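Coming up is one lone chain in structure tokens, specifically the form predicted on its own.
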């Protein structure tokens, strides 16, 4: 299994009032290499919190998690950052492209920590190949402000793939797009999952996207169940 969660909980405490809010309640989940699932649920149900814990951007209050058979509970911040850079690609509702960089430069941002010159060269080749894969190679020297919302999000998808991750985590990846662009991104994510054997977890309000991705789970009141 590429992802294993065992009885994960997450509790937030209001510092002033001391009031506890339990967001996730004993969630267990396994995802195999190349597996896929979509998670739906109302706002505030814990979808993004769960995704952030899987992506090591947040820590569970209790429970255990393994990524690629590694128990990450004892990893320090530097080890977690290295793990994220090597294993996980993130796609968010807002593409978060750097406005002063062109598309190619934005795609290559996650490769900055690489010290090996050969790997840097291979990253450039991979960036060009991926931009062609998503139909943006002819736009690679343009700035984000010159792109449509769908094109910007496709760029974000390429950026997520540039370091050849084993896992893609997508948080409302079509939430800010018009219908046609949203359908294109959904189709692209499914294609990447199948053709590149990358595990894919998508959090979404969109039942259309969830149905396209498949293997639907719902989260309500901090509890996850298979639909």
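Everything numeric here is computed off the predicted structure, so don't read it as measured data. Numbering follows the first chain given and starts at 1.
The next section is about a form of this same protein that is not shown, the form predicted together with a small molecule.
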item	value
Any non-hydrogen atom of residue 23 within 4.5 angstroms of the small molecule in the model of the complex	yes
The small molecule contact in the model of the complex: residue 186, any heavy atom under 4.5 Å	no
Contact of residue 34 with the small molecule in the model of the complex (heavy atom, 4.5 Å)	no
Exercise: residue 48 in contact with the small molecule in the model of the complex, heavy atom 4.5 Å	yes
Stretch from 59 to 67, 159 to 167, 36 to 44, 174 to 182 whose residues place a heavy atom within 4.5 Å of the small molecule in the model of the complex	36 to 44
